[in-house]
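In the form predicted on its own, a lone chain appears below as structure tokens.
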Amino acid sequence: MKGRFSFSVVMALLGVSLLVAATAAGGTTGPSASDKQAVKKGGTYRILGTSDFDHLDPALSYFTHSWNWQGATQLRMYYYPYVKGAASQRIAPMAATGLPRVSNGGKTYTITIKRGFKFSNGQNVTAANFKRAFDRAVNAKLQSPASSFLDDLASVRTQGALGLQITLKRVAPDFLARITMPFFSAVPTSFPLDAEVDKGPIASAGPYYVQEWNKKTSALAVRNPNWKNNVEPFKSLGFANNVDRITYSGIGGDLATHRLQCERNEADLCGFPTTQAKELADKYGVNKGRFQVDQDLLVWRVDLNNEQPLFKNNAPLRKAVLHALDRRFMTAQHGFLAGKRTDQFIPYGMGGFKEHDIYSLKGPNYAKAKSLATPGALRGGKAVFYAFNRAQGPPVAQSVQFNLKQIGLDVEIKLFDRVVQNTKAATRGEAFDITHEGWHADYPDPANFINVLLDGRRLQAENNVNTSYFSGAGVQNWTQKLDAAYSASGAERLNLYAALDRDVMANAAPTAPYISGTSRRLFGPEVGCYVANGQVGTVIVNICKT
């Protein structure tokens, strides 16, 4: 939502995870969206991003901007509706005929798929296509990030052409929310179980499909010729499906140049230097059309690798790092209206967040940090920091380097392209001590932060999202507490997660959160019909050119 690894288009496509499905789903209406006479059908929606997609195979895709495309190309059984207001916070059927029939004490979900959906290659969508998505997600050779959401899956079976029965090992209050993620979109049964599909055309059953993907250069999505807005089962979804084509380019480009391209109407959605956010807000206003800011369930953090010698079983040094950081400076590197300083793992605005005031948000507390960073805790005093080389990446890394130097820790910064950095950090055994990561909620539940990112039982060889490699050391009965919170519901669930957030940050300090963020977007002068969905970002299926 990777709650995804955060990789926002507007913020240089540098950060997420994976996209706040409910509380940020409302969004605001863009220029001329209320003027129906100004809305046109057709045209090309031109997106500029500095970094490539991680994947366009729905089983592997996990960057925020990748999910933006998945929102336009993939057909899911359930989703958070692309509307404003309270309705955006209630899960609704997309390909399913209605909500599941739940039996077996809450562990079995029986779902019926609507008849009539077709893939871009003309094949009918059946229950088997959704089963294929689950089978790929759990295939160990594919190493899908979706596997971390399915540790409670017992079986998936088809029942005739349109019936799907999913059985869990235990009751899971967030299961329906989980399967709204693009990982579980319908895919052709010809998609291999153990290999990525990464060359266009990539058949899909949503309103658009990927016709071309030229890696590190560009991508093109065009209308699914079999998607018919004026008849069922398509009509009741109400997707406007306005533009004919969606292009993605600008990879490796300069953010200042991208901004100028949007202002010259050479592109429709652009990144911009974070230092220019205040200027853009003053020039266009906030949420008046061209410059949009939406609340997000997003946290940026500095992960400390709990499996490498420096920080392994070394809670005193990890706490020292959290006391030493200058969150005020780090947050400022994200620019105007980027978010609020935090020292907690659960973001502001998500159920289960309670202010605990564990570490200083005003600046470094070197006295406390030095009392913990004893010679024994420093273990030689050297650390390797994997950082990304654009936007806020270098200055945040340099700030951490300076802060930790004050407590006796020498930090070597290694800069990479964002995709490379995240891929390396997500590989278990990689020789780094610190990495810079963002997480954008996949769906609005605290389990999507705490369980997904801090449960060592989910670790695998590659594609890990738990890049602190934390398994619970320092918190008594950690896994039992995780399971208890996960199985609870209502106010009890939120209170248990608030306690977990406090305990893990105060006692184990496996990671150093510093900003709970927003999403900021700059549009070209002809873009209208703007609605933001926390899970997939800008709703491309409704975007229009005016």
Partner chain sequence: MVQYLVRRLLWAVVLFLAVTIVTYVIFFLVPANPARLAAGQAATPERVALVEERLGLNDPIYEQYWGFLKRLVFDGSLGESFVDRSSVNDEIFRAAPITASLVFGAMILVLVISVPIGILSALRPRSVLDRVAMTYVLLGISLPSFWVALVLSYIFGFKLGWTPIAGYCEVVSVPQAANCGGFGDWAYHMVLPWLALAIVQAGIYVRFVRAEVMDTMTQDYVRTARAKGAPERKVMKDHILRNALLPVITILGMDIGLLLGGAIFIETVFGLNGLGGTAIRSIGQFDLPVLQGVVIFGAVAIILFTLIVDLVYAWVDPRIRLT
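Residue numbers count along the first chain shown, from 1. Only a predicted model underlies this, so the values are computations on that prediction, with no experimental measurement involved.
Just so it is clear, the following notes concern the form predicted together with the partner chain, a form of the same protein that is not shown.
Based on heavy atom distances of 4.5 Å or less, which listed stretch (207 to 215, 98 to 106, 163 to 171, 176 to 184) is in contact with the partner chain in the model of the complex? Flagged stretch: 207 to 215.
With the partner absent here, would Lys131, Thr158 and Asn533 each sit within 4.5 Å of the partner chain in the model of the complex, counting heavy atoms only? No: no residue has a heavy atom within 4.5 Å of the partner.
Wondering, does Lys235 line up within 4.5 Å of the partner chain in the model of the complex on heavy atoms? Lys235 lies outside the contact set for the partner chain.
With the cut-off set at 4.5 Å between non-hydrogen atoms, does Ser468 touch the partner chain in the model of the complex? No - in the model of the complex, heavy atoms of Ser468 and the partner chain never come within 4.5 Å of each other.
Any non-hydrogen atom of Ser88 within 4.5 angstroms of the partner chain in the model of the complex: Answer no; every heavy atom of Ser88 is more than 4.5 Å from the partner chain in the model of the complex.
Would Asn463 show up as a contact with the partner chain in the model of the complex if we use heavy atoms at 4.5 Å? Yes, contact at 4.5 Å.
Select from the listed residues Gly285, Gly252, Pro309, Gly429 the one whose heavy atoms reach within 4.5 Å of the partner chain in the model of the complex. Only one option qualifies, and that one is Gly252.
Considering non-hydrogen atoms and a 4.5 Å limit, which listed residue (Gln74, Gln292, Asn305, Asn422) is close to the partner chain in the model of the complex? When the partner chain is considered in the model of the complex, the option within 4.5 Å is Asn422.
Heavy atom within 4.5 Å of the partner chain in the model of the complex: which residues of 139 to 176 qualify? Contacting residue: only Gln143.
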